[in-house]
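Before any questions on how it binds or moves, here is one chain, the form predicted on its own, in structure tokens.
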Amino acid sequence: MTGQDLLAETVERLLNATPPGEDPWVDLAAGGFAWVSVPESAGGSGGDLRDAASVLRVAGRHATSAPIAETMLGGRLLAGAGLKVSGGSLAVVPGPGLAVVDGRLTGSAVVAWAAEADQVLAVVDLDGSPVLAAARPEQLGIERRLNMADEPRDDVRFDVALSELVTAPLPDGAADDLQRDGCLTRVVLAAGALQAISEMTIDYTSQRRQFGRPIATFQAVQHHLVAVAQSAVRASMAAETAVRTVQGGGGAWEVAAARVIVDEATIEGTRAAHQAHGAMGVTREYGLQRYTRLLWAWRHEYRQAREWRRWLGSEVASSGADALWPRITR
């Protein structure tokens, strides 16, 4: 058993033991799982990106509602800026939209879990260089909102003097790295959720009987089962390739490609799962609708797939025809 397998098994046991409706964040934080891949020297739990992906995949399988992905991202940002994590949850401004004007950080953004966070982090441009700005929620204007999966996606307004915030320089390319890493968290979470949907659909169609036999024995239903399983496998392979490549350095191309693949897998997999479940799949008491709403919410975060498609197209066009085959086969 690898270290990633052991880590995933530990998180699986923890989430299995969490009573329905209870917030899993306290136990996840107490175990240090939200700071996996953040260096111990910065106050994190250590490990690498593959370890973090193991935790996130299990979180996706359990449709976990907790700021674990955001805290991982934020912890890595703090470490990259030479700052330490405090042990509380973190929220991260997911993209551009903020600016430093006359010494004040201004702008607005939709930020996951901002109201509950100990710190809200943003990567901003200051005189042509990336800088990490860390604010306390009470310094900001926050209007609580929910996404389609009922997770906090708050409207946050910034209008605060930069001198009142904790700031530190970041390496060049930090803003692009944040988009890549944020997108990767959604890819990995989605891969875990699609795996859970596939297993759920197999179980349901094996137990649900019609005309004296399980509906899983009907050819039309088997077609849906295959579609869900294929979607889950495609997403898993794309996520694993992206994580491995980013761990080795770079990986923007692979993350963009994974986002496109997972987006298509989400559309096809959720459609097939709901076809197999029928009306049961949309009832509040049954878990499928929860996974579907999460998957469709994640599709809109850290750029949508169509934006990553455009980026991939521009990269191919600018690299030239001779570079295409080596790139897609490496």
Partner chain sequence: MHFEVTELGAVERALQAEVRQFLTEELPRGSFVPGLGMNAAKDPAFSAKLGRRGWLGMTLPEEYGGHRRSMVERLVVTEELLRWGAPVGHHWVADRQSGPIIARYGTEEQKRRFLPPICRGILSFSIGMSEPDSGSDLASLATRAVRDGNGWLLNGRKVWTTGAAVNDWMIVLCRTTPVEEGGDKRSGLSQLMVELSADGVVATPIPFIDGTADFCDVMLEDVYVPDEQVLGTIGAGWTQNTSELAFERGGPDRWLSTYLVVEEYLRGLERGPVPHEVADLLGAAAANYWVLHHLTLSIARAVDEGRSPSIEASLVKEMGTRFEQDVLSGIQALIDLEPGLPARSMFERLLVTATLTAPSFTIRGGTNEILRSVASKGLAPSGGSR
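Throughout, rigid core stands for the largest set of C-alpha atoms superposing within 1.5 Å between the two forms. It should be emphasised that the depicted structure is a prediction, and the values quoted were computed from it without experimental measurement. Numbering follows the first chain given and starts at 1.
Keep in mind that the form predicted in complex with its partner chain is not shown, yet the notes after this line are about it.
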Exercise. Using a 4.5 Å heavy atom cut-off, which stretch among 109-117, 255-263, 70-78, 156-164 contacts its partner chain in the model of the complex?
Worked result: 255-263
Exercise. Any of the heavy atoms of Val101 lying within 4.5 Å of its partner chain in the model of the complex?
Worked result: no
Exercise. Though only this chain appears here, would Gln222 touch its partner chain in the model of the complex if you measure heavy atom gaps against 4.5 Å?
Worked result: yes
Problem set entry | Distance check, Asp322 to its partner chain in the model of the complex, heavy atom within 4.5 Å | yes
Exercise. For His274, is any heavy atom within 4.5 Å of its partner chain in the model of the complex, or not?
Worked result: no
Problem set entry | All of Asp203, Val233 and Leu312 with a heavy atom within 4.5 Å of its partner chain in the model of the complex | yes
For this session: Please pick, from Glu199, Asp150, Asp125, Asp176, the one residue with any non-hydrogen atom lying within 4.5 angstroms of its partner chain in the model of the complex.
Result: Glu199
Seminar exercise, completed: Exactly one of Gln139, Thr241, Ser129, Gln247 comes within 4.5 Å of its partner chain in the model of the complex through a heavy atom, and that residue is Thr241
For this session: May I ask you to list the residues of 82-115 that have any heavy atom within 4.5 angstroms of its partner chain in the model of the complex, in sequence order?
Result: none
Exercise. Is Ala17 among the residues whose Cα moves by 2 Å or more between the shown form and the other one after superposition of the rigid core?
Worked result: no
